[in-house]
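Take a look at this single chain in structure tokens; it is the form predicted alone.
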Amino acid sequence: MPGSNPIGVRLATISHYLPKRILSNADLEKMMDTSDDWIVQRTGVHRRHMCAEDESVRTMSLCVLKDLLRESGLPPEELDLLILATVGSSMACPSTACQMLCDLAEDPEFGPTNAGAFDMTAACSGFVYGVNLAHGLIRSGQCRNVAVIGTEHLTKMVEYSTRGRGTAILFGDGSGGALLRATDDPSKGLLAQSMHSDGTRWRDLFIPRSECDFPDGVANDDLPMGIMRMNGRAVFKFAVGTFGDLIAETLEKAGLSADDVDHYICHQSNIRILEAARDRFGIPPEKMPINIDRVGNTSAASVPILLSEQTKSGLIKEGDRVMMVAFGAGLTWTSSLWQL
């Protein structure tokens, strides 16, 4: 660490945004061969949020960024870095993060900033990956204020028909984020983290843009390009095994037991996966909250939305230990255990 004084890191401000439009299981029953009971039994999802025509990854992320700056009182010119985790960047170049800073500069309430900005694609693991990266930059003295936002517009990447039922019932739209800030209290920050991937299994969940994107051994189907393909059985099996092992690995790194953690903020992929982790470690429901029933799987937005809900309700408070856990396409899996 630079200098003689260790630097701590605070999760200073946390916020989220959910579109007002609701897509219920009853709505899906009108679009495909499915039922509310079938969906709830397999996923735990009752409803999910869906972007309006004028909403996008860019607009949702900007709402969250503005909330973070307002609530923290941080002037835009003091923001050092913006990391946007998403699989839905508006174009290949420039990054949606840079476009957001343009929007911020043109808003008289905020104004310009020369902060670094980039998009990061790690699917459902993206926000937690970003938080771990931001912590390292702050702890090393390279940055003091970093915004990490996870946002997805997944309802435009699934097929609302019986042939796309496996993904359409799961995914919803939303955004969440956190402002990480340097502090003179070195006790605050990461206690342990892990970031992993198994690139040999990318074919189990991918969004092709052309026929060339299909992996060997996976036949092209009749779904349009830009629509998600997922081997649901393989991903579920991977997640059930990996999820618990990741929690155990992170606890071991920190030298803690499962009871020593106050809150487990986990990616909301499937209620059965979450319940399996609860049972393995004996975690009570109040320590591992669930919102997949209300918002579905929002990929990179999943962890920050739940983190924001729990923080704004007063359930997560200063001094608590919080573990964030996520896994997704790549295949990737990651954790971030914090002392708040």
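The model shown is predicted, which means the values in this text are computed figures rather than measured ones. All residue numbers are counted from 1 along the displayed sequence.
One more form of this protein exists, namely the form predicted together with ligand COA; it is left out here, but the text below deals with it.
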{"query": "Candidate site T34, R42 and H267: all three near ligand COA in the model of the complex by heavy atom within 4.5 Å", "finding": "yes"}
{"query": "4.5 Å heavy atom contact, R233 and ligand COA in the model of the complex", "finding": "yes"}
{"query": "Non-hydrogen atom contact W38 with ligand COA in the model of the complex at 4.5 angstroms", "finding": "yes"}
{"query": "is_contact(G116, ligand COA) in the model of the complex, heavy atom dist at most 4.5 Å", "finding": "no"}
{"query": "Ligand COA contact at F171 in the model of the complex, heavy atom, 4.5 Å", "finding": "yes"}
{"query": "Contact residue in the model of the complex, chosen from I247, L205, L104, V261 - any heavy atom within 4.5 Å of ligand COA", "finding": "L205"}
{"query": "Sole residue of K188, H135, R229, R165 within 4.5 Å of ligand COA in the model of the complex, by heavy atom", "finding": "R165"}
{"query": "Stretch in contact in the model of the complex with ligand COA, which is absent here, among 61-69, 281-289, 42-50, 303-311 (heavy atoms within 4.5 Å)", "finding": "42-50"}
{"query": "Residues within stretch 316-331 having a non-hydrogen atom within 4.5 Å of ligand COA in the model of the complex", "finding": "F327, G328"}
